[in-house]
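The chain below stands alone, shown as structure tokens; this is the form predicted alone.
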């Protein structure tokens, strides 16, 4: 087993990152995106999470254009990006089926494209977006190790890997994988029970939580779990400075002992500002479990 990154590198000295999955929805001129990124920096969110596939393979270029508008913004932001998912799209009409590719050759090609599109000299954290069942872990690890040695990426990690998939790839790394970015929120608690967070705790690895608000489903009044959560959040709001369900949901995610880093994905400045306030909320034990019970609809076993 390689040495795990258990010293909590500076890239992970924060509880939230700004996610860009839906960044091109709605108003998304370079100026709009630039204002959003600068506001994130002002609020202390100094890392952005993106991916090759986001926005129909267009978000990385849009980020590069937006960052170029502010001298010094590149130096203020740490960039996390992902690659490995390839689906039919207008830019690649030759593709007839979606597939994964985490081969060393493709990882190198993707990282070099990301650097060019975003105008960066190095990717701070590069993640394999999904497990590639057709590529050996030795091939994937060879690519990641080489990219680190060449200085094109600072750290490597994965996204959506099971605990065994993570452990297998990690066993071939020269230095430990830094994170596993997985779906985690009040309506999806699998990382707690499937061993994902146990493995992170074992190796002192901080996971990343994508879709911490369940993609908006948390606020669906027609969803019984969401309705129960809204009621419980209202009852404990005053105790935490009139916190909203949204803020309590972020605090719940970040309150797990593995210290998940929440990937916030809104395009609205006021919601980014609201999300940051959740960083100061430390849920008491009974309140964390009260939200668990509300989400599950039954008491603890």
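If you're wondering where the values come from, they're calculated on a predicted model, not measured in any experiment. Positions refer to the first chain, counted from 1.
Below, we turn to the form predicted in complex with a small molecule, even though it does not appear here.
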Interface stretch in the predicted complex with the small molecule - options 259 to 267, 56 to 64, 229 to 237, 38 to 46, non-hydrogen atom within 4.5 Å: 259 to 267
All three of 19, 130 and 271 touching the small molecule in the predicted complex at 4.5 Å, heavy atom to heavy atom? yes
The small molecule isn't shown here, but in the predicted complex which of 154, 160, 188, 165 has a heavy atom within 4.5 Å of it? 160
Taking the small molecule in the predicted complex as the reference, which of 119, 216, 98, 195 has a non-hydrogen atom within 4.5 Å? 216
Answer for residue 52 alone: is it within 4.5 Å of the small molecule in the predicted complex, judged on heavy atom distances? no
Though only this chain appears here, would residue 181 touch the small molecule in the predicted complex if you measure heavy atom gaps against 4.5 Å? yes
Just checking whether residue 126 would be counted as a contact of the small molecule in the predicted complex - the rule being heavy atoms within 4.5 angstroms. no
Does the small molecule get within 4.5 angstroms of any non-hydrogen atom of residue 106 in the predicted complex? no
